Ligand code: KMH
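This document starts with one chain, in the form predicted alone, laid out as structure tokens.
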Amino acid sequence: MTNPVIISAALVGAELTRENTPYLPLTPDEIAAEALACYQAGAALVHLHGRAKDGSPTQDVNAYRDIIDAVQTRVPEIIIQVSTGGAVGMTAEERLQPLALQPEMASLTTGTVNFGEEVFYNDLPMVREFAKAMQARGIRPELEIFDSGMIPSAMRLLKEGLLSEPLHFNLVLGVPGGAAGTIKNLMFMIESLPAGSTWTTSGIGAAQLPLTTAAILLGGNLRVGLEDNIYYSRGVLSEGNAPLVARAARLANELGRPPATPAEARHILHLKTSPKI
């Protein structure tokens, strides 16, 4: 029996601009077109950040509504996961806004980490607040782990009844200030997860391709996309998100783990809701 791999596509992020890459989608229609292309290439899930009309990052609920409506019109099957990370410096109130739209999933970072020259701040009271908001709405959290100490923090939330097993983690490796994007670090984090958990890995920059391959071989899931890596190969920009998804899907097929469909991904991730079709 095959063990399909969930491919997530992180389409836009909060930090990138068109100066970094001209292929960055910014409008709802552009993001929806990227979501469709990624779905057709093998992605079952899209991780979304909001962008205002001027292209700046936003957690405004209306901006997210426009993006989600556009994505669901183009590709109603795909799993939508919103970011509650937003951009560095945003308040908790700002970051929580997209949860009002009842997405199937949302990111939940369980600790503070240096983020390049800045600090991505998530103290425990804030993390509890986010977990409670997701729990109240029946939204499945993806626990974003930038360093190994964030795993015990997630377990503390579980013990407090703010999370339910089985847990789902995204092991984000290679952010400057977080855990380095090495297979050794990936192995250590996997071994630190509670039994029965599912996991995805997100390799940042040059770590994306080796960690993608490792995730397939190790039985996990993977995330690719411009939010994490704008290059297809050294010095060559990826012409959108879909080429990165297509390469991951090709590797998965070659290694005997075909990309999961959205229905298969919902089963693997223990999602309780259905897409709005």
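Because the structure is predicted, anything quoted here is derived from the model rather than measured. Heads up: residue numbers just count along the shown sequence, starting at 1.
Keep in mind that the form predicted in complex with this ligand is missing from the display, and what follows is about it.
Practice problem: Indicate whether this ligand has at least one heavy atom within 4.5 Å of a heavy atom of Phe120 in the predicted complex. | Solution: Although this ligand is absent here, Phe120 would touch it in the predicted complex, with heavy atoms inside 4.5 Å.
Quiz item: With the partner left out of view, is Gly86 within 4.5 angstroms of this ligand in the predicted complex by any non-hydrogen atom?
Solution: Answer yes; at least one heavy atom of Gly86 falls within 4.5 Å of this ligand in the predicted complex.
Self-check item: Proximity of Ile268 to this ligand in the predicted complex, heavy atoms at 4.5 Å
Solution: Outside the cut-off, so no.
Self-check item: this ligand contact at Phe115 in the predicted complex, heavy atom, 4.5 Å
Solution: So Phe115 counts as contacting this ligand.
Quiz item: Which of 97-105, 196-204, 142-150, 182-190 has heavy atoms within 4.5 Å of this ligand in the predicted complex?
Solution: Every other range fails; the passing one is 142-150.
Exercise. Sequence order please: the residues of 9-47 with a heavy atom within 4.5 Å of this ligand in the predicted complex.
Key: Ala14, Glu15, His47, in sequence order.
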